[in-house]
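Below you will find one chain, with nothing else, as structure tokens; this is the form predicted on its own, and questions on how it binds or moves follow later.
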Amino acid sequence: MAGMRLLILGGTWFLGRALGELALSSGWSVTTFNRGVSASDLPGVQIVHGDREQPEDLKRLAEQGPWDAVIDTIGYVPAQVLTAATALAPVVDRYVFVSSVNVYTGWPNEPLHDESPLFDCPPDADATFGADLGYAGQYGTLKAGCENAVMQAVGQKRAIVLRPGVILGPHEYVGRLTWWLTRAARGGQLLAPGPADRPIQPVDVRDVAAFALARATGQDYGSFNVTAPMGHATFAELVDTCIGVTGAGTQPVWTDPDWLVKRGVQQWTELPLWRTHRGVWAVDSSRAIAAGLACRPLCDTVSQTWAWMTAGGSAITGEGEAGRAADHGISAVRERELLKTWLQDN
């Protein structure tokens, strides 16, 4: 929007990148704040390099304001989010924080809605809080604390919290869809986790960006689950589209989920996006849909991600969040062994 000023905390990876591209193409004046060490900045943005853990960097950033809105795509530690939001509160109007469905105590074991119970975490918690809960529990707990930090710093009527589920699309660095596409392109028989008709609801990164940017200019506030509608797609659609766009003639062999569990196949990682828990793909996003969330077909997300990959894109590898791509995907040897056993027994 012409004349509107947006600050993105992050702005170089995946969602932050998609936000920057969309905002620039929509006429926003965009500032990005990041350390400048993980990925290249987008052309056309005003760049402020700094570390959100350093108060002097946040003070220098605030001096570049004011902005109509800030969108925080990278907040993970509540104390750091609280410090940043407090520093920016005088120079931003609306504060959009990208959280996660992991903040719900019931995820992924039970269906969720916007009012489901949340983890309890103080707004000034440090990175060690909840360490005894394991990675997933601690991640959700800390994200809940980040939400509390934003609310405390800017007030309820200026805060918008987005809780995405699985986000897919071009520039993905986690390695979920990129693994399935790479595997489909290899050909042969593919180990597919049944049931084939199981509903899934990943959301495209560009649709999350569009919804976030709309919230930055709207009048609503509060929290929104940001997932595709329940029943939006199936696991078979994911696998078949990966096979179709790669053109490798790969043959899916659909296997029983209990059989895979008994053989120790790691859910969510060895076979990315596969999980037997009943709530993992049962997140009610009707509030966001009523507010304007529009989700493109999964086949578009898959085909456009493949187009990006074949044009030279790939999952980022490295440490921290970006290094998660190395944790996804079953080895070719283990896949062949499982397929052999399954076909012999069935």
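Note that this is a predicted model, so its numbers are computed, not measured. Heads up: residue numbers just count along the shown sequence, starting at 1.
Just so you know, the form predicted together with a small molecule exists too; it's not on screen, but the next bit is about it.
Within 4.5 Å of the small molecule in the predicted complex, a heavy atom is found for not a single one of Val81, Gly130 and Phe224.
In the predicted complex, none of the heavy atoms of Ala153 sits within 4.5 Å of a heavy atom of the small molecule.
Among heavy atoms of Gly50, some come within 4.5 Å of the small molecule in the predicted complex. Although the partner is absent from this view, Gly36 contacts the small molecule in the predicted complex, with a non-hydrogen atom inside 4.5 angstroms. Among heavy atoms of Val92, none comes within 4.5 Å of the small molecule in the predicted complex.
Segments offered: 248-256, 138-146, 116-124, 193-201. Contacting the small molecule in the predicted complex at heavy atom distances within 4.5 Å is 138-146.
The contact with the small molecule in the predicted complex, taken as any heavy atom within 4.5 Å, belongs to Ile74 out of Val161, Ile74, Ala209, Val77. When you look in the predicted complex, the only residue of Gly165, Pro108, Gly169, Pro272 with a non-hydrogen atom within 4.5 Å of the small molecule is Gly165.
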